[in-house]
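In the structure tokens that follow, the same protein chain appears in two forms, which are kept apart as structure 1 and structure 2.
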Structure 1
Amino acid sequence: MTLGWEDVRAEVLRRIHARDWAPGALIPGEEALSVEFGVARATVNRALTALAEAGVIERKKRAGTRVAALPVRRARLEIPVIRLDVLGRGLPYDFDLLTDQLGPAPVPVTARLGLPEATPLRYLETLHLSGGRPFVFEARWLNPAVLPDPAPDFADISANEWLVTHVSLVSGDIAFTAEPASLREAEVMGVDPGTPLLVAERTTHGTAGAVTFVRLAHAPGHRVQMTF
């Protein structure tokens, strides 16, 4: 069975709790751990990054990775780059840009973003693939004001990845629900209409105001796991 980054993180955390690696101890590097666990180095990197963000380990360039002497517990929700999530699971990633058009946003969207009714927003539909299979169907309303001129080609880089890496976000909200697949979601995801899907709806604002409202419909069986 191929291990995912969550499995690697759990094993590293187990060894720390068992004092196999004591506080302040230097732990093996990414290359050594990738060989030991039989996973890609990117998978190990994702696991160690999550532990570093949680304050369990400390990572420094050219100094290696050490168990934190005084672990600091942090609770923080970050917007994931879907491509890295898939690669961290040890699977190949791809995406298809299905729709990209500019038009007046519906009232529920402008209300969520705090914008005037019928504000023109860029609407994108993106299907993210994991191992060639549907992973997440992303329906996004994006404020063109946050884009540079010329705007990025979201057929080359997903809107999800471009926004996470190029736009500074200052606030937002997210809600998780279990909902029956709509006709459009069923068509794109290759499931029967009404199939239960895990749906995340998120709004984000940056320093210049509203950025985006996005609805993420995840393939059946998807699990969200948070570390704190």
Structure 2
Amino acid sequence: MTLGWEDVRAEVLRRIHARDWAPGALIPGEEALSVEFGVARATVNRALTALAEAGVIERKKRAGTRVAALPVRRARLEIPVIRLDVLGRGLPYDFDLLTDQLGPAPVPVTARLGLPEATPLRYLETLHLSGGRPFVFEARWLNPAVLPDPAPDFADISANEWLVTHVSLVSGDIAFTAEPASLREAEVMGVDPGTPLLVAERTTHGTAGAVTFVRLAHAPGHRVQMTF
């Protein structure tokens, strides 16, 4: 029976977990491991590259490979389209477009998008419903430059979904905070003002520059879950 790179990865991981190779310690080189396991060096390389990507080991040319001393744990968050998130929970999805207007955006918004202060942006307020109950209140500022000439009707398809299918999103960032529900949020979501809400703020850039800034206020009790 011949070993594959996943077997090599598993065995190396086992030795690290078993503390055969302690945190911070140097582990044998690729050549040595390839001889020991009876595989080609490329196979060992594949395994170690995967482990390095996972943050378990640190590799440096000439210096060799060592077990990460303070392993930075990495969790991966998968950001689904809200509709699929709701459907995935087994509940019917719906949404209401509450506001849709064009006008100058607040300074913090244009600043985050890297646009001039007075840039007019399309402002959309959408309430996403899960089983008929408020799920997420979305406030979005959208750069009209990314929209095609007959602009899509966001009453039919949520802006969220239209963007991921029609605009190439290149990079962005997301931040989570806990904030008290504003008067507007409280009214729309049917909670008391000041209720703690999990808020996600996302900025997205595409090939042609700034695309959108979204603020998603989640219904009380919402959990954002990740595994590592």
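Since we're looking at a predicted model, the values are computed, not measured. Reference numbering: structure 1, starting with residue 1. Think of the rigid core as the biggest set of C-alphas that the two forms share within 1.5 Å after superposition.
Identity of the form predicted together with the DNA among structures 1 and 2: Looking at both, the form predicted together with the DNA is number 2.
After fitting the core, residue 43 CA displacement of 2 Å or more between structures 1 and 2: The answer is yes; the displacement is at least 2 Å.
Post core alignment: residue 13 C-alpha displaced by 2 Å or more between structures 1 and 2: Yes, the C-alpha position differs by at least 2 Å between structures 1 and 2.
Core-aligned C-alpha movement of residue 57 between structures 1 and 2 reaching 2 Å: Yes, because once the rigid core is superposed, the C-alpha of residue 57 moves 2 Å or more between structures 1 and 2.
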